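The chain below stands alone, shown as structure tokens; this is the form predicted alone.
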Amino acid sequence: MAKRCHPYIPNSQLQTKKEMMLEIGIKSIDELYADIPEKYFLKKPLDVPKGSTELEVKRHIEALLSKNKACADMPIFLGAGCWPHYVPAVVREIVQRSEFLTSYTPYQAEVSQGMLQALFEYQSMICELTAMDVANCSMYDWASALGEAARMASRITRRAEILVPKITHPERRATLQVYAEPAGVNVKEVEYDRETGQLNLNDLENKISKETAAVYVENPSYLGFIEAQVDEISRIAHAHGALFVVGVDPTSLGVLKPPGEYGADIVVGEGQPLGNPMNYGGPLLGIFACRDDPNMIRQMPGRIIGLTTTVDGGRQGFCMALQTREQHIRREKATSNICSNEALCAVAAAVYLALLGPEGLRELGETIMYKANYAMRLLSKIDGLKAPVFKAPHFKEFTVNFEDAGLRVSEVHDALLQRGIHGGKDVSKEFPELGETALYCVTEIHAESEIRLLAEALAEVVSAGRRRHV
């Protein structure tokens, strides 16, 4: 009896496979994987269950999903790069319109004016928000935007080194390394002040050199505190001929000075808080902007949407400009190999920014700072806790140390989950020098009653921990 083949996989027919192998000149499928070391091959058949009906699959998936809890189901104080924020109903309504939801890339400007205008508005508002001159219409996320910024700085300065704070989001740091290494860019870390968290300017002065293409800082930092020395860092970078790259959480820019006002050459960041849900950690939205310099603009990754006028009467028209991507005419000369980007997420950000406006963003930033500082005050009153770890102003995130209480972050986290609360991120392995420390996040979605609930639960956990150790 002939082997039964799946109707949707035509090359599963043995004869089809033979014809394909004959065409490309191989005798076995294994020849296609000859460059993979033998030790990585699976030596046993895959444990794949037999096929199921659509109804059975639906029930199975629903059973799995029922185990999940969303931030609406329990108070959640986890951030660390993907934050819980409120997404207004109008944002969801607009991005769900088929004109936006089903769009891919507006290659044909004449039939894509709506999407092109939305992305142009996104770029314009990002420039306003960051006080920069030019923005592209988004990257994959903050991490990829940082990697592209490092390569861009290297191309512009013809140097091969970038300096980053030791307190940089580890995942962003890892992505930066992946982008930098093939381009021959060396990534060096700059130490931080153990008391305040601020960048160690003496270490920066010692490490910066004529090989430094850029100095990078995150403001607010990964651990939540505000970098107060940005003007001086900018001065040091420029004095050595390096570019100054700043990473931002855009929700902070309603209350903090924008990077363009303290000398940033390139600004990157995460646009997820601007009207995009957490959605299991993605898709995210990479912000990328720079100052008005022809050499810099032509080295920007991604694409820029331009506004022009038609020749037949001067009507307004939008088009893609400076498409420095490899699948366009640039090919191997492209500055980046980014293909699809987060266009729908960028549209959501544009709607969100337009909805809030300058006053709404300021109110959002003030609300976040108030609630985060309220949480820090409550937690700092609990005997055995240190909140925050660093003596510095904080925005929406802050560190909490449990060592004086004799507790590990993992056991605190488990105890909070048992009480129906999702705690912060354990950063003790990322930064061992901080000891048993977690990163907590508070945004506009947290009611004061939820913050008090967190404080009461932590007080109980600390008290129970002490009783166990007596």
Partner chain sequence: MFRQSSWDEPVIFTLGRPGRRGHILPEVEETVKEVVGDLGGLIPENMRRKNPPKLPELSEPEVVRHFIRLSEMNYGVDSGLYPLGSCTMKYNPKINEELADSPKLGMLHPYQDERTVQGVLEILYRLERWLAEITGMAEVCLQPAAGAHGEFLGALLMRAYHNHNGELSQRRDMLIPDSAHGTNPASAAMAGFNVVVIPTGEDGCVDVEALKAAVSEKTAGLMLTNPNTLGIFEKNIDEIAKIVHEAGGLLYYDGANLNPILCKVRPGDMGFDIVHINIHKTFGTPHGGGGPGAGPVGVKEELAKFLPVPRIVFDGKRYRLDYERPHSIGKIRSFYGNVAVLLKAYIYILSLGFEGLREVAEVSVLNANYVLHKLRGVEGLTLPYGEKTPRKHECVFSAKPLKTKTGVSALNIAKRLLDYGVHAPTIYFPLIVEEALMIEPTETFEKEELDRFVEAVRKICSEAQTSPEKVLKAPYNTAVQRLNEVKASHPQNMTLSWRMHLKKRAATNP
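So that the term is clear: the rigid core is the largest set of C-alpha atoms that superpose within 1.5 Å between two forms. Being a predicted model, the structure only gives us computed values, none of them experimental. Positions refer to the first chain, counted from 1.
If you look for the form predicted in complex with the partner chain, you will not find it shown, but the lines that follow are about it.
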Residue-level contact is defined here as any heavy atom of the residue lying within 4.5 Å of the partner chain in the predicted complex; does Lys58 satisfy this criterion?
yes
Partner proximity in the predicted complex: Glu128 to the partner chain, non-hydrogen atom cutoff 4.5 Å
yes
In the predicted complex, does His240 have a heavy atom within 4.5 Å of the partner chain?
no
I'd like to know if Gly384 sits close to the partner chain in the predicted complex, meaning any non-hydrogen atom pair within 4.5 angstroms.
no
One residue of Thr212, Thr399, Thr168, Asn219 in contact with the partner chain, assessed in the predicted complex (non-hydrogen atom, 4.5 angstroms)
Asn219
Only one of 202 to 210, 158 to 166, 188 to 196, 353 to 361 has residues with a heavy atom within 4.5 Å of the partner chain in the predicted complex, and that stretch is 353 to 361
Check each residue of 401 to 430 against the partner chain in the predicted complex and list those with a heavy atom within 4.5 Å, in sequence order.
His413, Asp414, Leu417, His422, Lys425
Threshold 2 Å Cα movement between the shown form and the other one at Val311, rigid core reference:
yes
Determine, after fitting the two forms on their core, whether Lys58 shows a C-alpha shift of 2 Å or more between the shown form and the other one.
yes
Using a rigid core alignment, state whether the CA of Glu19 is displaced by 2 Å or more between the shown form and the other one.
yes
Are Ile61 and Arg97 closer or farther apart at their Cα atoms in the predicted complex than shown, with the shift being 3 Å or more?
closer
